[in-house]
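In structure tokens, one chain follows: the form predicted on its own.
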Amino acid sequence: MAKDVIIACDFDSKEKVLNFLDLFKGRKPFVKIGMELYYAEGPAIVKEIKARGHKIFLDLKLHDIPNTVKKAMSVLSRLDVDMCNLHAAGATSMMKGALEGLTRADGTRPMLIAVTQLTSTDQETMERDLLIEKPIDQVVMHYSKVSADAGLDGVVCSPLEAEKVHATCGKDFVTVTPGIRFADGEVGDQKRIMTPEQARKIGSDYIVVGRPITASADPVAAYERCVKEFLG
């Protein structure tokens, strides 16, 4: 299975994201386009970045009734992204609807993964705000198993959980792990985190890295460091 570093391009304008990508001078890192950039610039920015030769993880975290998600995924499938996602909390029928909508007439589709619990969520938050009293590790494994049974390709999870997800759902079930920070970097608002090297050792398939790269004084050097630590 291919492993890669995905840069979270959390910018609020086309100008900022293209200026950032221009720094890489011919290199084409895998990028994540999230809500901030997508809502600012719409589908056009996805098409433009794709035309530049980048793989794209479209991170919109769909969560609605099955029919609505099915129709939305049908639209997103036309953008030719490589990966997209939804919330596992939407349950099996929603996930199956998403797969149906995402699959094109020729049978191809982007990789579809489910968000288990956000990496900003800890046990206390989950119990207090969501009224979920099971241990967070158990919740993530259950959501992962439900996602796998629904036919999804993998999950977004904390790197702390990647190894157990593979043990629960199989080595080919993809783990996409945000919450990555360098050992000498700032934690920010993330609570369940690891370094790129630790994520590699524990079995993450893709790591998503934002501010440690995008807010760096030398983003290209930070990206290369991340690749070296993660891919070895």
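No experiment lies behind these values; they were computed from the predicted model shown. Residue positions are given as counts along the sequence shown, with the first one as 1. In this text, rigid core is short for the largest set of C-alphas that superpose within 1.5 Å between two forms.
Only in words, not in the display: the form predicted together with a small molecule, which the text now covers.
Asks: Only one of 166, 70, 61, 54 gets a heavy atom within 4.5 Å of the small molecule in the predicted bound form. Which one?
Replies: After the contact test, the surviving option is 61.
Asks: In the predicted bound form, is there a heavy atom of the small molecule that lies within 4.5 Å of any heavy atom of residue 210, even though the partner is absent here?
Replies: Heavy-atom contact with the small molecule at 4.5 Å: present for residue 210.
Asks: With the partner left out of view, is residue 196 within 4.5 angstroms of the small molecule in the predicted bound form by any non-hydrogen atom?
Replies: The answer is no: residue 196 has no heavy atom within 4.5 Å of the small molecule.
Asks: Indicate whether the small molecule has at least one heavy atom within 4.5 Å of a heavy atom of residue 10 in the predicted bound form.
Replies: Yes, residue 10 lies within 4.5 Å of the small molecule in the predicted bound form.
Asks: In the predicted bound form, does residue 144 come within 4.5 Å of the small molecule, counting heavy atoms only?
Replies: Looking in the predicted bound form, residue contacts with the small molecule do not include residue 144, since no heavy atom lies within 4.5 Å.
Asks: Specify the contacting stretch among 42 to 50, 62 to 70, 197 to 205, 175 to 183, defined as having any heavy atom within 4.5 Å of the small molecule in the predicted bound form.
Replies: So the stretch in question is 175 to 183.
Asks: With the partner left out here, if you bring back the small molecule in the predicted bound form, are 74, 96 and 152 all within 4.5 Å of it by some heavy atom?
Replies: No: no residue has a heavy atom within 4.5 Å of the partner.
Asks: After a core superposition, would you say residue 74 shifts its C-alpha by at least 2 Å between the shown form and the other one?
Replies: No, the C-alpha position differs by under 2 Å between the shown form and the other one.
Asks: Determine whether the C-alpha of residue 103 shifts by 2 Å or more between the shown form and the other one once the rigid core is superposed.
Replies: Not so; residue 103 is displaced by less than 2 Å.
Asks: For residue 93, is the CA shift between the shown form and the other one at least 2 Å following rigid-core superposition?
Replies: After core superposition, the C-alpha of residue 93 moves less than 2 Å between the shown form and the other one.
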